[in-house]
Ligand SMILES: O=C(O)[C@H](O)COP(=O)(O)O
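In the form predicted alone, a lone chain appears below as structure tokens.
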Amino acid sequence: MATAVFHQTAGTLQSRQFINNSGVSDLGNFSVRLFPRGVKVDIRLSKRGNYGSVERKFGVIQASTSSTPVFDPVSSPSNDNTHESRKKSNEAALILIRHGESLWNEKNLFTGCVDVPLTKKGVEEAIEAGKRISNIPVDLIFTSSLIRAQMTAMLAMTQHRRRKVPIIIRNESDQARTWSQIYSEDTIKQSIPVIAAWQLNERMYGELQGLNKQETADRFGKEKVHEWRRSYDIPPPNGESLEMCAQRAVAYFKQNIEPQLLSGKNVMIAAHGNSLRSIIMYLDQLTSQEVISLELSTGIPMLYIFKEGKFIRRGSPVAPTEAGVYAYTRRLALYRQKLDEMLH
């Protein structure tokens, strides 16, 4: 199980490991792609396996539109940066977003693990989702390996008031890593690491993928198709059941995401209807009967507060203000106040 230790000390990218879809691999100096701004990253993850022990660091993200340091959302409201203080505060935001409408959603096709981009409406939904979470701190982003989830995360972050830029950490060749080397520490300071994991993919619909949903119901019968789509443990032909999807998605969440929340990192997950339903089943302790009736709309963010080892659902932040959300936690209220002071 990977563990994460976060440090408030900023430095250059020092990692020689890469968090890939199955955890941590020793890949040499990893590659980062970024736009005009960045973060100092200092992440440490360790894992033991057949190849011995690997270790890697992600760091505290400090961003500013000027040379003046700004409020660090990982720290406690008192701005005490010690590990003990962060451990005591033990509060972090978790944002879940189902991707915006995809081209196959629009065509009413079973999509599953087929890599389909967003429609124009899906792009608009992702941007609107970003507006709704624009005042909530984000230090680390997880997405599935599918483009519709990654597009949603990237578009949403264009609306965030911190103006940090998401950068995708990739497993690339030595030449690609050399070409993508970053030479500006100012750029490094204003980025958010994005980790793509296949475990967060939509459930695999097997032989239904690419078929029209209505035509499939006409062919196999509505009851049979409904059973494939909405039962917990019955998979479609050569596909995954929700139970099978939950096994991989929740295991990944526990191993790779929950430890970062525990250490005070604010996390956003952009994924899919079934992988997110699986995670919500774990967060809200739903039964297999309760989760099959859970519906998630495209492009609508959900907010959880992780505090004292518990996940507290705060619903969906609504525009134009998030007063109802910020009333639940003094730390988020202080974060928004600092943003107002910095940007106005």
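Numbers follow the displayed sequence, beginning with 1. Quick caveat: nothing in here was measured; it's all calculated off a predicted structure.
This protein has a second form, the form predicted in complex with this ligand, left out of what is shown; the following refers to that one.
For the candidate spot formed by G112, Y205 and N274, every residue has a non-hydrogen atom within 4.5 angstroms of this ligand in the predicted bound form.
Among residues of the shown chain, R230 is one whose heavy atoms approach this ligand to within 4.5 Å in the predicted bound form. Contact annotation for K107: none of its heavy atoms lies within 4.5 Å of this ligand in the predicted bound form.
In the predicted bound form, K131 stays away from this ligand, with no heavy atom inside 4.5 Å. Not displayed here, this ligand is approached by K213 to within 4.5 Å at the level of heavy atoms in the predicted bound form. Of the stretches 189-197, 250-258, 97-105, 165-173, only 97-105 has residues with a heavy atom within 4.5 Å of this ligand in the predicted bound form.
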